[in-house]
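Below sits a lone chain in structure tokens, taken as the form predicted alone.
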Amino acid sequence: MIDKKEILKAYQFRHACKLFDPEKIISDEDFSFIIETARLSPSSLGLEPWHFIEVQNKELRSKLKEGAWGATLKLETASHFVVCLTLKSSYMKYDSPYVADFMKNVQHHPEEVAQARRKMMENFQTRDFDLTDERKIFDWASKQCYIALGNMLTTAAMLGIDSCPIEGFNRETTDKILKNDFGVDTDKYGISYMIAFGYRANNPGPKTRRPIEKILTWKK
């Protein structure tokens, strides 16, 4: 097992890196490892609503700047830049063809098991979590993609690689860029976040966090 001190050391190392050293490039092996931890991440009902685009092309990175005000320096200096897409509601509803196909051909559930899981999913979406409109379902699916984000950030830190999660973009503008310049089917996918990876150009200040007693309540 990994030493606990090494895990905490990675969490202390990780910060939202604003400026990367453009001369330092992540190896293919290390970046593939980071993405593999995203692929293996958990998601609600295991439905994997994510798709990742690695953007190395300089022209496409420049295009993203038009809508991503929080990513300008990262797009210019990061070794690797990733856009995370999330499946839209027509794919993530309990009665969608995507869900039926996924349960059959990816999860390999027998039909009676798949039917029971879809019924459970119907109750969850329509009753328990009130996922009753397109935005609510998309936001629920996005939550699953953020699990993959957290795993990628932690994995990178444990490899000594810096990162920065990015939500600083105009969704409508960026969706248009993804459709027109990246060929993304925006009827199927919407953007949830971006991530920059690389190696820091400057050392960050000390990490600030509230003490544990401010964030944890014990009920014994």
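Note that residue numbering begins at 1 and tracks the sequence as displayed. Everything numeric here is computed off the predicted structure, so don't read it as measured data.
What comes next is about the form predicted in complex with a small molecule, which does not appear here.
Residues K93, D133 and G190 are none of them found to lie within 4.5 Å of the small molecule in the predicted bound form, as judged by heavy atom distances. The partner is absent here, but in the predicted bound form a heavy atom of E167, alone among D181, E167, E36, D185, sits within 4.5 Å of the small molecule. Only one of 133 to 141, 104 to 112, 118 to 126, 70 to 78 lies within 4.5 Å of the small molecule in the predicted bound form by heavy atoms, and it is 70 to 78. Although the partner is absent here, A16 sits close enough that one of its heavy atoms falls within 4.5 Å of the small molecule in the predicted bound form.
In the predicted bound form, R210 stays away from the small molecule, with no heavy atom inside 4.5 Å.
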